[in-house]
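Encoded as structure tokens, the following chain is the form predicted alone, with no partner shown.
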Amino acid sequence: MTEPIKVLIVDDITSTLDNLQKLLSFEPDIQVMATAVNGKEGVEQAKKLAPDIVLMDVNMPIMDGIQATETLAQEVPGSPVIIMSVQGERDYLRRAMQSGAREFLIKPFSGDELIASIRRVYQLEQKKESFLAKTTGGTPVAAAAPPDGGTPAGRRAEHGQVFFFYSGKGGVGKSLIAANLAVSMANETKGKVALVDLDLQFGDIGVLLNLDHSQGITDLIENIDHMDPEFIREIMVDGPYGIKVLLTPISPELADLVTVEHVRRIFGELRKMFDYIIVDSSAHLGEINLEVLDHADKVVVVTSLSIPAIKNTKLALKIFDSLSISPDRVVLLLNKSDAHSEFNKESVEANLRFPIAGQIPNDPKLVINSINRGNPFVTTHPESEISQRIRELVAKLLPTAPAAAEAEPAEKKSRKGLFARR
């Protein structure tokens, strides 16, 4: 007989604790091993008992559920958390998931919803452990030789060009620009374009393009040793104008399965399959993003006209400096540009000490409609100013040979020393 799923319930309301225990007692495969009345006590119990699942309320005294979940994610990672809350706003859900929660149940929820959630998270955790054993238990991926005996996979010397989109702050429109640029690049160049969502936990590319998200990058790594171009095309989703999209894992916790070596091998294949590879990254510069960043042909940094966005962009440029990334590889893009803002292009450039290569105008109505319908605005409104600016960005990233030759010396001269340490 298989072991039951061991559950710890954390809630400051006694009646809720009693009701949840009674509800789960009818399930032969679930066992409530303990309860706690606040986050601090819940963390202590989890450390001592190592439950399979933690049901965590949010609003509690001493330590709330978000704080407790963050602590458990660091100190007891083998005990995934399901958050329970009466608040169901999108921002609140995102905050809970960013703390490390695996799922989010909005009160009041049914018994069937709760039980299904417990079983689903438990099964995903088991699948995650199986994946990790499979990908680390055999021949080390790191020892793999370059596929064609040439330069290591992922190097810029290979065929496809990689454009890495980054912003130090969410909400500046980086993902929307990356998605529209990929579509526009495919239409303008008629080349083979791949769009890769490397915001592995909370990527939005699938939503922005209204794509079926039944498979993603973890389907590749599950078969990493048998990966070939045909299999990669099967896993990637078809997007507008023939672009191929590699989506995030189907569930945030599966992001942990993706390693640097997986990404290195995947990008080694993508460079041979595609002319242009657009990468939408997360704000966190972890080892995976740093690996792709290091080998990207261009790094497109997206900022906007707000003090937090400019502050984070300045920090990002300093990080790139410390990583010895040439300023010639960095393209600074100002999104949501507004003539009525108290900031302007010149003041932002003066603050960042870096030239702005392009400006995307603020067009909230068009952008919101594009997001909500999952249709890129470069296809629905190609005549709009915002679409024209995206096409201009394509031209700047892929200049014609004569223009590139003529502009290169002046551009290098103007940017020389911008990353120099002072």
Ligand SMILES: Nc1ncnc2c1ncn2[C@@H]1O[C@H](COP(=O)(O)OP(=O)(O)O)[C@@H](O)[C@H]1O
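Small disclaimer: the values here were computed from a predicted structure and weren't measured. Heads up: residue numbers just count along the shown sequence, starting at 1.
Separately, the form predicted together with the ligand exists; it is not shown, and the next lines address it.
Peer 1: Only one of V367, V37, I356, M63 has a non-hydrogen atom within 4.5 angstroms of the ligand in the predicted bound form; which is it?
Peer 2: Checking each option against the ligand in the predicted bound form, the one that comes within 4.5 Å is V367.
Peer 1: Find the only residue in K336, R265, R271, H295 having a heavy atom within 4.5 Å of the ligand in the predicted bound form.
Peer 2: Selected option: K336.
Peer 1: Would I278 sit within 4.5 Å of the ligand in the predicted bound form, counting heavy atoms only?
Peer 2: Although the ligand is absent here, I278 would stay clear of it in the predicted bound form, with no heavy atoms inside 4.5 Å.
Peer 1: Even though the ligand is not shown here, does N312 get within 4.5 Å of it in the predicted bound form, heavy atoms only?
Peer 2: Looking in the predicted bound form, residue contacts with the ligand do not include N312, since no heavy atom lies within 4.5 Å.
Peer 1: Given that the ligand is not shown alongside this chain, does G171 nevertheless sit within 4.5 Å of it in the predicted bound form, heavy atom to heavy atom?
Peer 2: Yes - in the predicted bound form, heavy atoms of G171 and the ligand come within 4.5 Å of each other.
Peer 1: Against the ligand in the predicted bound form, would I360 count as a contact residue? Criterion: heavy atoms within 4.5 Å.
Peer 2: Yes, I360 is a contact residue.
Peer 1: Please identify, from 181 to 189, 328 to 336, 116 to 124, 240 to 248, the stretch that has a heavy atom within 4.5 Å of the ligand in the predicted bound form.
Peer 2: Answer to the contact question: 328 to 336.
Peer 1: Out of 23 to 41, which residues reach within 4.5 Å of the ligand in the predicted bound form, heavy atoms considered?
Peer 2: The stretch 23 to 41, when checked against the ligand in the predicted bound form, contributes no residue at the 4.5 Å heavy-atom cut-off.
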